[in-house]
Ligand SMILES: Cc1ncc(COP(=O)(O)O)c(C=O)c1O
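Only one chain is given next, in C-alpha cells, and it is the form predicted on its own.
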Amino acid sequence: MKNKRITFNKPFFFENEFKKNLSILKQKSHFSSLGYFTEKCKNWLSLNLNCKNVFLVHSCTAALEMTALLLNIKKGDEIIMPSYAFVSSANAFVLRGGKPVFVDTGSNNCNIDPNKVEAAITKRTKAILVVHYSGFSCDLDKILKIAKKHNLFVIEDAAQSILSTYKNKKLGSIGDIATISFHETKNIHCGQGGALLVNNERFVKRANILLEKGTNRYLHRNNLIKKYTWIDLGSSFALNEISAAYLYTQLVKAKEITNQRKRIYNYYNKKFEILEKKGFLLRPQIPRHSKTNYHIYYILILKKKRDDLISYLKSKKISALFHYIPLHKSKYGKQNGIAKFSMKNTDWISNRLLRLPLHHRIKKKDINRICNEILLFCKR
C-alpha cells in the first residue's frame, strides 16, 4: 500500500457552526464590517486575552500598518526588531519612512535577544518590536525595562501566539500595542484576518479613526455626532462580517484546538528525544517564563544539511518547510534596514530550522512515519 501524502497544514473548518452563523448574518442583513460577529469576536478576544481595546482587521499586516500610523512613524525613525521575522513586521514601518534596526536572536531560541537591544538604541529610536516566535514568549520584563529607561514604545507581534502567556499574562496584553494573525496557517483562522490590540489608552481614539478610513464615523455610530467626516489618515482596515462569522466558530473552540495541538507537539517531542541525545538535532525549548499555544513544532538540524532533508522528505511525500530568510539578508532589507551588529545566531537558526506538519488531521502513525524517515536520513 502506497503512503499517502502528509500535508504541512490543514486548517480547521467547522461547517455546521459556520452555516448557523451565516443564517444569523442573513437575518441581520449586514455583511461589510463592524457588525454583530465583529462585536462577538472582539468580546471574546477582550475577555480571553485581557485586552480592553480590540480592533478586528483584515490581516495582521493591516494591524502592523495601523501600528506604524498610531506611532506617527516618520522618515528616519528607527524601530528595533528581530531579523528573524516575517516581512510585514518591517514593511509596515518602511512604508511610513521608518528604518528597521535588526537585532540578533538568543543562542537557544528564535526570539530577539533582550541583552542586545540596548546597544541598538539611538536618538532616532521610536519603538521596540518583539516577535513571539512559534508561540514562545520573549523575555518581556527585560524589554519593558529597557523601553521605560529610554522612553520607547513596545510592540508585540503576537501573530503566532494567541493564548500563549508570559508569566501568566496573555501575550498581546503587555506591550503598548500588539498584533495577531488569523491567517489560515495559524491555530485560529478565518482564511485571512487579524486583530490590533491597544493597551495604551493614548492610541485608542486615533485607532478608531484609522480603522474607518480616517473618518470620525465611530462617533456617528455611537450617536455622538450627526454627520461624520474625513479628519485623518486611514484605510479600509476592518474585517468583513462573513469572515468574522467564520472566525467566531474558531474562537469558541480555541482551547480545544490548543489542547489538540499540545498532544501532537508532545508526541513529536518524545519521538525526537533519542535523535537529540545522539546529537543529530535540537528540539525546541519552551522558556520557563512562557506557556505556549503549540503553534509550530520545529527541529534544528545539526549534522546534516537541512535543505537536503527537506528534499528527502518531499520524495517520501512528506511536506516539511524551512521558515524565514532573515530580513537583514533580503534585498529590500539591505536597502531599507540597519544591521550594525552580529547576526550569527539568526543566521545559524535560519539555516537549520525545519518546521514539521502540525494540524488536526495528522495521526500518530503519520508522526511515526515522519520521525522514522528523519531517523533514516540522519543515520545514512
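Counting begins at 1, following the sequence as shown. Keep in mind the model is a prediction, meaning the values are calculated, not measured.
Heads up, the form predicted in complex with this ligand isn't pictured, but that's what we're talking about next.
You can rule out all but one of 83-91, 166-174, 220-228, 146-154: in the predicted complex, only 83-91 has residues with a heavy atom within 4.5 Å of this ligand. Though this ligand is absent from this view, in the predicted complex it lies within 4.5 Å of a heavy atom of just one residue from Cys138, Ile79, Val103, Ala159, which is Ala159.
Checking Ala244, Val117, Val131, Cys110 for any heavy atom within 4.5 Å of this ligand in the predicted complex turns up a single hit: Val131. This ligand is not drawn, but in the predicted complex it has a heavy atom within 4.5 Å of His183. Contact check for Ser59: a heavy atom falls within 4.5 Å of this ligand in the predicted complex. Among residues of the shown chain, Gly193 is one whose heavy atoms approach this ligand to within 4.5 Å in the predicted complex.
Proximity of Trp44 to this ligand in the predicted complex falls outside the 4.5 Å heavy atom cutoff.
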